[in-house]
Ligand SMILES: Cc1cc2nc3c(=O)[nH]c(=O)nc-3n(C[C@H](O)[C@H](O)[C@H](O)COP(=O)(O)OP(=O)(O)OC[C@H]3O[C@@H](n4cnc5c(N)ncnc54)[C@H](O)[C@@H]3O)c2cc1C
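Only one chain is shown below, in structure tokens, and it's the form predicted on its own.
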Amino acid sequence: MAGKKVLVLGGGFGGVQAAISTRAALDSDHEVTIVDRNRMPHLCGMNPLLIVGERETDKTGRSLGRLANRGIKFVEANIDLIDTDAQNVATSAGTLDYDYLVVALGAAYDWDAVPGARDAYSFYDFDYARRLRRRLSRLGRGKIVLAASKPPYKCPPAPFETAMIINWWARKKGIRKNIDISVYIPEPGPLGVAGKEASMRVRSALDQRGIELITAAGVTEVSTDGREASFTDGSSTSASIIATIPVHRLPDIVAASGIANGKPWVSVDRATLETSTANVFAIGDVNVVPSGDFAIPKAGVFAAGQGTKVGEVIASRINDSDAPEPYDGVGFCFMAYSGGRAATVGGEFLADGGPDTVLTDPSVAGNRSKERFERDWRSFKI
């Protein structure tokens, strides 16, 4: 049998795990290639601590070139066209053929969907986070607003985690009494995907820390000077720092490929994560996997779990072996309450009857788990 070519687009959580999982289950006759325009992706889960100076900017990335040690070829290139009929992908480094394709290109940020957001602050992107870090380091007093526009957005706990990290940082710095912190979200409550009890506990945690939470109020505009924001509830506020969570959308290259069938995100088979095109899979933030009234959250750990599963599915087809168990939708996110304590939120999102989830209490042990997770990510263990 001629060797098969497995092509993975995107070097984030999902893409890397798909490549590692597939490679581990195939013999050397078959080729596994990963394509990304960035050799050094960064873990945006470190950004809340990065912006307050508790993570070093040169310690939040990992080099995809190191995947060569595992027998995975890495191509640093822009992706120009995905052609599922011809079974190839045109890139700035040439055209790559495939037998199996894994699309793991994440969500694109539409900075222009909210006028003024492009020039405001954010913590959802490495370069924006570094800019916010510089601004916070100079702040002695004022108001900080963290504002989301509309769901879905990556890592649903992130706005609340970031607000609590800023609270902890300001207390440590002795300036908390001079700083107001507000979080605006478009949803009716925080962390709805985790259930009512978890949502109430997050509300309580913010309240205890003197952090204002305004719900059902997505940000609609930021003034040109970056000092005023308007919201869907008709209100507006002025602040020293306005940091937005950008609108997330399907990358243009994925939309143009046709695998989303004109929908906002790529629908996939719940068991295998295969798209409507045979042997083309979509994992992580580009896809939508329904889960009760919600969908699987857009978070790295879910992308990694989907990558592992897709690797098993592809390997079983190439090796002509038994199909693996269906994807289970199990995963969790960390939510730090300070630089020393973290909780986890998650569970089984594809359980019968809807998501079966839990929010743990924040603890020192939880924070150690979070730090271990970050180390494991950097060394390609996850």
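Just so it is clear, the model here is predicted, and its values are computed rather than measured. Throughout, we count residues from 1 along the sequence that is shown.
This next part talks about the form predicted in complex with the ligand, which is not shown.
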Exercise for the section: Would you please decide whether residue 334 lies within 4.5 angstroms of the ligand in the model of the complex, comparing each non-hydrogen atom pair? Expected result: yes
Exercise for the section: Report yes if any heavy atom of residue 183 sits within 4.5 Å of a heavy atom of the ligand in the model of the complex; otherwise report no. Expected result: no
Handout entry: residue 329 within 4.5 Å of the ligand in the model of the complex, heavy atoms
Key = no
Handout entry: 4.5 Å heavy atom contact, residue 319 and the ligand in the model of the complex
Key = no
Handout entry: The unique member of 301, 213, 260, 239 whose heavy atoms fall within 4.5 Å of the ligand in the model of the complex
Key = 301
Completion exercise
Answer key: of 150, 227, 201, 154, within 4.5 Å of the ligand in the model of the complex (heavy atoms) is 154
Practice task
Look at the stretches 22-30, 45-53, 350-358, 321-329 and give the one with heavy atoms within 4.5 Å of the ligand in the model of the complex.
Solution key: 45-53
Exercise for the section: State yes only if every one of 123, 253 and 284 has a non-hydrogen atom within 4.5 Å of the ligand in the model of the complex; otherwise state no. Expected result: yes
Completion exercise
Those residues of 98-136 with a non-hydrogen atom no more than 4.5 Å from the ligand in the model of the complex are 104, 105, 106, 109, 123, 124
